[in-house]
Structure formats: structure tokens, C-alpha cells
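First, one chain by itself in C-alpha cells, the form predicted on its own.
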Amino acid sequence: MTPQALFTAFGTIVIREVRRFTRIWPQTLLPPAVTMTLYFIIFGNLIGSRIGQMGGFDYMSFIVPGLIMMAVITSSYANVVSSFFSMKFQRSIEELLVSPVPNWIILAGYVTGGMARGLGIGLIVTLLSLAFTQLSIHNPPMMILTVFLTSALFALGGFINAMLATKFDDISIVPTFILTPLTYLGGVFYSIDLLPGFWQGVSLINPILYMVNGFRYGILGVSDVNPFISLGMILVFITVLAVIALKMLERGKGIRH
């Protein structure tokens, strides 16, 4: 395919994905905004006023970066896993597979669509947070790079989950039993410095801890881990998942029966 044809194929997938979640915005954009507003009110205002400061900042300011990242992670993942699995279920994915579109373009299109929703939700949550606290960006490049890479990473994870899923129940297993616990234990609501030494070490195994702290460093300038190590780990995870996803597409894993 020519570069123009590749770009057209990529753009078509992305536009379809964006139109899909914007068309049903009450189901895709509104619920995360409402959920995060409740977090701001309950944890930030009500509980945070009793906790006081954490990491040198008031509690509301401390948890805002983590809540933004949590919204980005869940939305990026959910968009791709639901969209790609729906195409599998409806068997419309076969039309895309028999076309001359390369696998990497298919993957890039779905990942970019997931990132569009994830980053869009992140922007909405950020604007909502301004009603509760003031944000002063410490390191804009680090903040932007971390949130973009994290969104891409979990969009890839959603793609792999969709390929492996055989029924609708399968697409909820990973978010419920893996993604949600790791996110809540990833330093969104606390600094791991508060934990005993053993549990600090256990927390360092959690990959989401690095993403949340890398983003928090970009906004507040504080982090429980080295932000550059965080970026390095995200890039490694992206590379691994991208290779796995492409191999699965090449073999038709879960889509060619």
C-alpha cells in the first residue's frame, strides 16, 4: 500500500473509533466525570480536610494527578476492549482482516482511538479538578509524555484482552480483578512512604505506581520513584505489549476460527 493509502486506512479506523464513543457520550464520557467529581468531594474535601498535607501539598492537590491518571487508564482500556470485541462478536472484523491493511495500521488505529477517549476523559477530569483545587504544572514535558504513553499502554492492553476474550464476560475480568486493584494500590490516594518497608517493596512491583508517580511529578514535582525510571518502564511495557498484539494479529489469535 502507498503511504497515502496507509494514512487513509489509519484515519478511517481512528475516525470510526472517535465517532463511536462521542456518539454515545452519556455512556462513555459522562460517567467517569461524575465518578471523579464524587472522588474530589468525598476524598478531597471531606476526608482530605482531616488528613491535612501529604508530600508537602494539601491532600486534594496530592490525589488529583492520581485520579486523572486513573480516569485515563480505565477509559483507554475500556474503549479498545469493548470496540474490538464488538467487531469480533458481530463478525465485522473479518472485512478488515481480508483487506490489504497491514496489521500494524489496524493496531495503531485502535490504540489511537483508545487514546483519544482516554486523553479526552483526562482533560475533562482535569478541568473538573480546577473547581476544587489549583494546579501548577511543575514539568509539562514529563506530564504530557507520561499521560500519552500510559494511555497508549493501556489501549494496547485492551486490544490484547479483546483478542483473547471469547464472551462479553471475559472483557470485564481484567478490569475488575487486575486493573482496579492495581490502580487503587498504585499510590493514587497515598504516598508509599507511609507504608512499612516490606509493603513499600511490594508496592514497587505494581507498574501503575510508576505511571501515577511520573504524572504526579510532572504536575506537583514530587514522586515516590524516579520519574525517568517510570518513563523507561512504560516504554518497555509498550514495546512488549505491541509485539504481543502484532504477533496475535498475525496468527489470528481469537479472530480466525
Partner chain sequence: MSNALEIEGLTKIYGDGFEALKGIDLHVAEGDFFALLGPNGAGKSTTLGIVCSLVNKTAGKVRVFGCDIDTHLSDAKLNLGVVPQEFNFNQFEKVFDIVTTQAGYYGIPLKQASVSAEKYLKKLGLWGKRDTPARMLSGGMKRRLMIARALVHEPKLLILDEPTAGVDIELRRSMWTFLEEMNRQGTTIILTTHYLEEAEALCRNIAIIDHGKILKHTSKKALLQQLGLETFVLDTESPLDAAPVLGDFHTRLDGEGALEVEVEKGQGLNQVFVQLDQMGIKVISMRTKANRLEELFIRMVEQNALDSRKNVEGAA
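All values derive from a computational prediction rather than experimental measurement. Numbering follows the first chain given and starts at 1.
We do not show the form predicted in complex with its partner chain, though everything after this point is about it.
With the partner omitted from this view, the residue of T176, T166, S136, S99 that lies near its partner chain in the model of the complex is S99 [heavy atom within 4.5 Å]. The closest heavy atom approach of K247 to its partner chain in the model of the complex falls outside 4.5 Å. In the model of the complex, T12 approaches its partner chain with a heavy atom inside 4.5 Å. The closest non-hydrogen atom of E94 lies within 4.5 Å of its partner chain in the model of the complex. For the candidate spot formed by M1, Q90 and R251, every residue has a non-hydrogen atom within 4.5 angstroms of its partner chain in the model of the complex.
Taking its partner chain as it sits in the model of the complex, the stretch 1 to 24 comes within 4.5 angstroms of it through a non-hydrogen atom at M1, A5, T8, A9, T12, I13, R16, R19, R23.
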